[in-house]
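Form predicted on its own, single chain, as structure tokens, below.
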């Protein structure tokens, strides 16, 4: 494998950077009347404006050349056709098959169609009051128990699609801290509560601990053993035999498969809680929006391909402009969980230091992804974005229309979103500030003291992603956009975006410490810090 950062395509970009290092984006708008139209596009119901990035037409041509040299076209086809591109786990990566619901010509398509029918039957029973708890009452509340990909995706979508909520309220429990499940079930009625246990392996420590706590709570209220469990627990897993061992009935198990990665699993039966929350029809719309983005990603030329463009801009910002983080700021309250979801999607996928060939990479890979909803974020971390010592690219996401059109709220929200993007680009220079201060009748001496504190350098890259409204279909397209962006970056960086061995190490080490905390195993061989902290726990003294 040719090393990325000594390749001709990479070196061409490095040489180009030397030429455009001092480029000011605001000047590019002055010199080109077509910059907005040249650097924006629409796909699958989304509109991307990337004109405020520190790029020229040559930059984009060279970035497209980098994508072509990486073999992206072949890797993309390999993913869609079910090749085992997850090389370290020898697995296919076929989450796209989960939303290609019209095609049942493949073995995967047949499995997906069958499982969607199973899900629809179950969801309609619950919504129609035909699925009863142990006492014959209809289900009113669902508690989804999972973690990571089995939690973040469904939780984010349910929050985002709250305007489409059904008569069933869905709650999410993920944290191993008992407070999470305790506070969630505290006020629920055991007669009308259904638990969804979502775990690919059905061995995940956090999920099983919370599942056991849920089972004990239910049986403490209604000690009828197995019959009660059959009415109130369903399992979503790739290991149905383990769900059966837990006590979940065979008919209550919704399978998914090894070729569905956890952080790409909301489209599978893991999304049954989404369907329960917003209805099966809206779940189908969600799949449809993602599939529309899949088609665009698979067929559009790179220069018109939204996921490819977003990915390449990220590579430019990280590997050439020196960015270490990416802020994601949705200007829609319903998307408040989106930054957390994208943290896992990007950082667990591409937070890698070893290339596919086993050698260490010698360049940056995934940025730290973070963010919060606007306008709240404007009053917390935007100060750092504007005047801090780190350059932080930003993705702004905003709908054109609100589900809650009250007064001028949405107009003001939209104005604030555009203003933040504009301020990051334009900044505010010394001459402009001095004019402003003099207009306020400030003395020259006072103005000289204050001016440097008010300078905003600007030239910070940002994207704006517009959607018409946060609806199931547009949300599906938005999530798929970021999924494919992550895939493209992984291909270019020559890493495997679909394993997570660092996560597995933490799980393994935690399992070894449990018996030590229970006093059942010798502590010799541990570092003094871990041994000392275990001693404090077991003695309850510090």
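Positions refer to the first chain, counted from 1. What you see is a predicted model, and the numbers here were worked out from it, not measured in a lab.
There is another form of the same protein, the form predicted together with a small molecule; it is not shown, and what comes next is about it.
- The partner is not drawn, yet in the model of the complex one stretch among 210-218, 194-202, 71-79, 435-443 has residues with heavy atoms inside 4.5 Å of the small molecule: 194-202.
- Scanning 26, 507, 42, 57 against the small molecule in the model of the complex with a 4.5 Å heavy atom cut-off leaves one residue, 507.
- For the residues 467, 147, 139, 85, the 4.5 Å heavy atom test against the small molecule in the model of the complex is passed only by 147.
- The closest heavy atom approach of residue 348 to the small molecule in the model of the complex falls within 4.5 Å.
- Among residues of the shown chain, residue 330 is not one whose heavy atoms approach the small molecule to within 4.5 Å in the model of the complex.
- Shown alone here, residue 420 lies farther than 4.5 Å from the small molecule in the model of the complex, counting heavy atoms only.
- For residue 262, a non-hydrogen atom is located within 4.5 Å of the small molecule in the model of the complex, even though that partner is not displayed.
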